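Quick setup: one chain, the form predicted on its own, written in structure tokens, and binding and motion questions come after.
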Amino acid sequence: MAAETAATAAGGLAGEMEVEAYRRLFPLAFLERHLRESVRPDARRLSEPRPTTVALAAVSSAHGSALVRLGDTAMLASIKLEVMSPSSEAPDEGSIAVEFHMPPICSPLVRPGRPAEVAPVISKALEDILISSGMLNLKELSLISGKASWLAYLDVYCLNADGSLFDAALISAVAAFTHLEIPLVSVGDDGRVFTVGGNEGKSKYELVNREKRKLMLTNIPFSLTCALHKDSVLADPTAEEESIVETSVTVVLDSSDQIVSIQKPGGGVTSMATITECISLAKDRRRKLREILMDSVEAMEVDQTD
């Protein structure tokens, strides 16, 4: 009996090794073999995104922060506020600066001393979406018209890269701005604006803003990347799937399901029916991500009450 059990275990291990070898040697054939059964190598349905979690207040030293996990992809977003002089073109507005970081620890494809080529692309795309979606009212970042305003430095760190990097980065950025709290500030005798902390500071200095406050976020954008391979549409692809498929489409929608952006980095011509399917999947995904974000906000408020 023991001998039979050992033989069965050995046979199962050998079978697993053969499957893994086939997966590595023939990745395209391995993927297509699954797609013919309308399933993916990680057992998801074609239209099924990976489990997603959002944890607010992940960085205690930041004014706003969030840790997001999208399957095995992990992003940490942190916002630091600094006082600046507004531009003459927009004297009553603040501004944002976005930087996306991919340290070598996030992927074996990122080499030390050689920045990942995709990092500046995602940085620019994030900043464009945050501004063009209308989520942020930059006037809320103004302190003293023509004299002082906030500059919000948003840094997004990729802790683990396993596909759909832009989607995860955008979720973390939105979550960090949701958590962001504008600190109290005062003006010194020399005209310099500085932050004020604690109840003692409130009574000692004349404040520009009387209470700490949150930003009013509207038209919150969320995105969904779909990998396209022949007639198959794969929602939220892993890094393995992204490396195999022909191309992908990233759809960004706002709170009203209006299209903010559709990006397709190369590849062949994509039919309108396929684009429509991607938009439909993105709408479902946006609603689910909003629920996940709201749940994380409620969980943080409960923790603060306790």
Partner chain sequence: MEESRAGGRNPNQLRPFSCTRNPLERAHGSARWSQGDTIVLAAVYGPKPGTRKGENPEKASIEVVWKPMIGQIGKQEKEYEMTLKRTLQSICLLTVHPNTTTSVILQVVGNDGSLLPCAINACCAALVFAGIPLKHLAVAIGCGVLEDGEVILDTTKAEEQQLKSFAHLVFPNSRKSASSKAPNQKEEDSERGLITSITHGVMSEDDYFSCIERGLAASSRISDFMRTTLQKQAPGDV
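Note that the coordinates shown come from a computational prediction; the quantities given were computed from them, not determined experimentally. Positions refer to the first chain, counted from 1.
Below, we turn to the form predicted together with the partner chain, even though it does not appear here.
- With a 4.5 Å cutoff on heavy atoms, Glu99 counts as touching the partner chain in the model of the complex.
- For the chain shown alone, Asp42 is not a contact residue for the partner chain in the model of the complex, no non-hydrogen atom being within 4.5 angstroms.
- The partner chain is not drawn, but in the model of the complex it has no heavy atom within 4.5 Å of Lys139.
- Lys283 belongs to the set of residues with a heavy atom inside 4.5 Å of the partner chain in the model of the complex.
- Proximity to the partner chain in the model of the complex, taken as a non-hydrogen atom within 4.5 angstroms, holds for one residue of Ala55, Ile279, Leu35, Ala239, which is Ile279.
- Relative to the partner chain in the model of the complex, residues Pro104, Asn160 and Thr178 are all farther than 4.5 Å at every heavy atom.
- Heavy atoms within 4.5 Å of the partner chain in the model of the complex belong, among the stretches 168-176, 122-130, 139-147, 229-237, to residues of 122-130.
- Residues of 247-261 lying near the partner chain in the model of the complex, listed in sequence order, are Ser248, Asp254, Gln258, Ile259, Val260, Ser261, the criterion being any heavy atom within 4.5 Å.
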